[in-house]
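What follows is a single chain, given as structure tokens, in the form predicted on its own.
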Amino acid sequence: MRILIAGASGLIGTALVQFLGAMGHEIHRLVRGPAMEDTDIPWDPAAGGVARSRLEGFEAAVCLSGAGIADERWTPARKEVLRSSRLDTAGLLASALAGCRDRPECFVCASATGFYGADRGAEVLTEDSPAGVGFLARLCADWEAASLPAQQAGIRVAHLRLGIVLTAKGGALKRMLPVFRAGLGGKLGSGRQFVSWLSLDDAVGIVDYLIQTESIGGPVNAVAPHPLTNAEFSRALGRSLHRPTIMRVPGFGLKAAMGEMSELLLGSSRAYPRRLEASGYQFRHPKLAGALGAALAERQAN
């Protein structure tokens, strides 16, 4: 297949390009800078610029673009960056693909379990659950709405509601490892908040599965089938590293240090992959111990 990918240099995008390339697919990356390969396609989402003629004839397109949600404190300026880096890219690509004569059959666009908001407690969240409230929920809802032009043009659109992707190469786990290795890990706040997670292998595998599976469209919870509380997650990570997890970071301390962004750590998301399970997707790492083992082995290999 000829597959177009935006956000190919990110954590998931890099792994996805390698995986799909190894499967024999022809991968074309949308790049903001100069093209490094003949298959690279320059674009400028902020200016709304992309050569539509270069987007003809793809079987599938994937959009994973977006500034790091936890890279900086959520000031008003940073929130605008988080919004524009997602909405501009998804919207431009959806509109450009909709205007093509030879459109892709499938458009997989990233979203997040943040769609459900941070205050859902132990509520079971499926793809049919309503949107939550707060900055992340609004961001994800608008992010998914940005792909509407593609859907209206008859392209099958899948919204990838990602949980926390576990990999030692980046993201939350990479930041946690030094703390837990030093024996300073433990629960955050009450520890009762649920964590929806998935391995990097499954993040890549799910994108590939959505491209291949014609029966799936709309929101898809890209999470493992066993969400855990923060306390359970912390104990499992400690066991994987053979370290104690007796420390505790009080919630008020996180709120004071991080402001509104503390909802990333203190918010509760008990999401389940109902659509993936119903369609027959087989998780590479359905349990946390296996996912952590794979991530730690990945770290040693590097």
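Remember, it's a predicted structure, so these values are computed and weren't measured experimentally. Position 1 is the first residue in the sequence shown; the rest follow in order.
This protein has a second form, the form predicted together with a small molecule, left out of what is shown; the following refers to that one.
*Asks:* With a cut-off of 4.5 Å between heavy atoms, is residue 54 one of the residues that contacts the small molecule in the predicted bound form?
*Replies:* Residue 54 lies outside the contact set for the small molecule.
*Asks:* Hey, in the predicted bound form, is residue 162 touching the small molecule, heavy atoms inside 4.5 Å?
*Replies:* Within the cut-off, so yes.
*Asks:* Indicate whether residue 12 is a 4.5 Å heavy atom neighbour of the small molecule in the predicted bound form.
*Replies:* Close contact exists here: in the predicted bound form, residue 12 approaches the small molecule to within 4.5 Å, heavy atoms only.
*Asks:* So, residue 267 and the small molecule: in the predicted bound form, are they within 4.5 Å at any heavy atom pair?
*Replies:* Outside the cut-off, so no.
*Asks:* Please name which of the stretches 211 to 219, 150 to 158, 79 to 87, 184 to 192 has residues with heavy atoms lying within 4.5 Å of the small molecule in the predicted bound form.
*Replies:* So the stretch in question is 79 to 87.
*Asks:* Note which of 97, 112, 206, 224 lies within 4.5 Å of the small molecule in the predicted bound form, where distance is taken over heavy atoms; exactly one does.
*Replies:* None of the others qualify; the residue that does is 112.
*Asks:* Consider the chain as shown here, without its partner, and state which of 247, 241, 41, 67 has a heavy atom within 4.5 Å of the small molecule in the predicted bound form.
*Replies:* Residue within 4.5 Å of the partner: 67.
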